[in-house]
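As structure tokens, one chain now follows by itself in the form predicted on its own.
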Amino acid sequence: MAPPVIQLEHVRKRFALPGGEAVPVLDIESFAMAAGEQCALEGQSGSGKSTLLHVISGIMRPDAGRVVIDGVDLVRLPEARRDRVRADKLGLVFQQFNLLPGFTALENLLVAMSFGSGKADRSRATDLLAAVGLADRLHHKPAELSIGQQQRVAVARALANRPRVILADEPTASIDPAHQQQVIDLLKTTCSEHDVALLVVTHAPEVAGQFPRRLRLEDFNRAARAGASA
């Protein structure tokens, strides 16, 4: 079996309530994904799925534990180094698209490429946008795009730097049915072709059912199990 490209060990994360009480959100002894593996992650609302993606990506530090991406422990790195690893090794598709409002769809991809170790590749950016059905929207800014079109730009941007891992939080939630399958197919095919690990959070059974590995966060997150039984 291929070595893990995502490896979590003894990861703990708590959030403080206004009254000062600390509530456990993540309590994970072990979680791993190999290069090229594809997994759908389901779970109850508020069970910590988005928090898990933020911890894996290095956007959020856990209170304890190791978060190893392609052999690099993000927890040990200063913020600037975490940013570099995230740019080079991780593609992110979150519910808040975080597109730059003053830039076109094409420019959003080129800016993302500029943060990686390689050069911004206009041809690749154009091809990715065409692959998600936006060949005629290259020069439109986010405000000129529908919510679904913005989400497709976010998917294309996640693929821009040829990452080792793609983390997608409800990538089809705001996309019209005509394009939902197109986005899932693009993610799955691209990850298969380039040996990229793909972790998709979804509430849609028809999406989760397309993945060879299908997990519920409660299966390996003791904090989620405790919350469900409270």
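Note that this is a predicted model, so its numbers are computed, not measured. Residues carry their position along the shown sequence, with the first being 1.
Not pictured, yet referred to below: the form predicted in complex with a small molecule.
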property: K49 within 4.5 Å of the small molecule in the predicted bound form, heavy atoms; result: yes
property: The small molecule contact in the predicted bound form: V207, any heavy atom under 4.5 Å; result: no
property: 4.5 angstroms heavy atom contact with the small molecule in the predicted bound form for Q182; result: no
property: 4.5 angstroms heavy atom contact with the small molecule in the predicted bound form for V11; result: no
property: Output flag, F15, V25 and Q44 jointly within 4.5 Å of the small molecule in the predicted bound form, heavy atom basis; result: yes
property: Answer range among 186-194, 65-73, 50-58, 31-39 for contact with the small molecule, defined in the predicted bound form as heavy atoms within 4.5 Å; result: 50-58
